[in-house]
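Here we start with a single chain on its own, the form predicted on its own, put down as structure tokens.
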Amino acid sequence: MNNYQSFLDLFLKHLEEYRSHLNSKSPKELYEPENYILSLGGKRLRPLLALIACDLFDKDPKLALNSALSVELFHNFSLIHDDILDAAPLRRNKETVHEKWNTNIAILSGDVMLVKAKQVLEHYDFKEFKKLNILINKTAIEVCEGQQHDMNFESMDNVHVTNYIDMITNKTAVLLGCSLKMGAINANAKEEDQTNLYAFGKHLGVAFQLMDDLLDAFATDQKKFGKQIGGDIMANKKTFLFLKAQELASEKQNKELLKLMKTKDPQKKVEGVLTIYDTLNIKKICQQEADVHTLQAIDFLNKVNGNASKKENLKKYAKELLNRQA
């Protein structure tokens, strides 16, 4: 991360400039929640990737600052709405927007962030804006499609692991690909390099989400993880871990899994499901699947005609991201 601290500082300064006027805007119920969620921190992974991608082609990362702001606004808009859909009480160890205000305010505040995510791209000239706007619109649709598939899975009995990978590709991974491609567009990189960098981000995003699923079940430090541990199990989410367990489980274990899904006691549910996961070695299998996508991501990055030493730094950073502990 030290290699990119200057990029992160650059973006945080840009974000602070953007946020500086939000709480003085009216109506305050619309803008204060936006400022609140943007203040909660996080890795700022997506905006950082936009700056890294621009720099990869030896162009000034400042060229990608508004692309970086765009993906950060879009990401946080999606978090506000996802937290409503998931009835999540915590986001980065703080109250979610709908808990701190109410659901109606959260929906509307999220809506305005989506509009602003596109509006900040108007700082670019028309040709560049058009490319960026097409990309963010395509990504937004894919994210919504992924979210709908995720909700559909809740009432479906026959969901396969491949369906899940497709879902998280849209819901999570395409935004990482989008962030990198936007930075490459700002750098005026060749189309082939933009495409390969997008694919790198997409596979990295799948691996990242698989590790997030793993931590949701197996993290030991909720404060460090930033979300409710076992939240996916409590919500009966059909994650990679759950679907793989169903695939490998005996008839008796599958009956127990289905019984646990109906259990009202959250502690009993989480403990019971984790016991089955441990028996089936699901944690290791999930890690292995994440490793497969990590290797695919690196293969695409190797094809990018960028600065060689900067590509190596990006590879190291990607591997650091996937070695999270909590």
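Since this is a predicted model, take the numbers as computed values, not measurements. Position 1 is the first residue in the sequence shown; the rest follow in order.
Another form exists, predicted together with another copy of the chain; not displayed. Remarks below refer to it.
This chain is displayed without another copy of the chain, yet in the predicted bound form the stretch 110-118 from 161-169, 184-192, 211-219, 110-118 comes within 4.5 Å of it by heavy atoms. When another copy of the chain is considered in the predicted bound form, N133 lines it closely, a heavy atom lying within 4.5 Å. Contact between L90 and another copy of the chain in the predicted bound form is not found at the 4.5 Å heavy atom cutoff. In the predicted bound form, at least one heavy atom of K127 sits within 4.5 Å of another copy of the chain. For N254, no non-hydrogen atom is located within 4.5 Å of another copy of the chain in the predicted bound form, even though that partner is not displayed. Of the residues L248, I84, A235, I229, just one reaches another copy of the chain in the predicted bound form with a heavy atom at 4.5 Å or closer; this is I84. Site annotation in the predicted bound form: the residue of K244, H149, K94, K100 reaching within 4.5 Å of another copy of the chain with a heavy atom is H149. Heavy atoms closer than or equal to 4.5 Å to another copy of the chain in the predicted bound form belong, across 88-107, to the residues N104, I105, I107, ordered by sequence position.
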